[in-house]
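Coming up is one lone chain in structure tokens, specifically the form predicted alone.
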């Protein structure tokens, strides 16, 4: 069940280069939302666009929920200037959520995909479930979490300025040196090239992998049809539209890697 709630901003701060965290007091939605789900927001009371903006939730505490975002357009420009007490119209929880932790989770995030992964990390901690967390970025300035291999927390940077040099695949390879990957399951969210690489990696090595697709989900409830994605055909025969295509907002955003044709939407 999702609902509309008028939340209030209780804090906003820059946590890394062009990466911001805002906390919203929204007790009804905060009580229901789970790791992997998202909210749709109106960035301001006089927002001139027709549709809302989707935001992954990075965690909850009490009646508050947090979102992590990069400034990439008009909506996030509004958001980074939010002052405490500003009212924000939100709808949520939307979409499905991370589950099935029978195998050792390896949770992997990059870009704005760090938000649901960070939520999942704290969810697993609260359940006392052993897991690995990997976060990837281009440079050290984009990280806000400490690289701590002893605690199974691995940061990667493309330029080698922090943590493991390379992309998130390099970090998974370091885990594979000590851990049989057949006993693990990947949980992935981030830029399309990163997710596509992890999808191919998982399929090649026959590892379970759940991917949270990222795209514009304008309405969040399946009306606008703007977030369509294509499934891998299950049978060699003509399929109905709903068998061939899904909606990220309604059928996802989390899909099994072997069910989707591509992460590029």
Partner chain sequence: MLEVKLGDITFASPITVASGTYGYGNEVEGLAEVNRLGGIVTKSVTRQPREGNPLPRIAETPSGMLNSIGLANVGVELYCKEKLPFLNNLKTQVIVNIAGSSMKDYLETMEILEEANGNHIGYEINISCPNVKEGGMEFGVSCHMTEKLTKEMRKRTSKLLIMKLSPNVTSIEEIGMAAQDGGADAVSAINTVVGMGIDVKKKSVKLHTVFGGLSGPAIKPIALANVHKLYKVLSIPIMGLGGIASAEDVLEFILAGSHMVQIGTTNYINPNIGVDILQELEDYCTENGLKNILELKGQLKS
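Not measured: the values here are computed from a predicted model. Numbering follows the first chain given and starts at 1.
The form predicted in complex with the partner chain is left out here; the points below concern that form.
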| query | finding |
| --- | --- |
| 4.5 Å heavy atom contact, residue 48 and the partner chain in the predicted complex | yes |
| Close approach of residue 240 to the partner chain in the predicted complex, 4.5 Å, heavy atom | yes |
| Residue 256, heavy atom within 4.5 angstroms of the partner chain in the predicted complex | no |
| The partner chain contact in the predicted complex: residue 8, any heavy atom under 4.5 Å | no |
| Listed range touching the partner chain, judged in the predicted complex by heavy atoms within 4.5 Å, from 57 to 65, 221 to 229, 205 to 213, 30 to 38 | 221 to 229 |
| 175, 194, 145, 91 - the one with a heavy atom within 4.5 Å of the partner chain in the predicted complex | 91 |
| Residues 15, 127 and 185 all lining the partner chain in the predicted complex, heavy atom within 4.5 Å | no |
| The partner chain in the predicted complex - contacting residues of 1 to 29, heavy atom within 4.5 Å | 1, 2, 3, 4 |
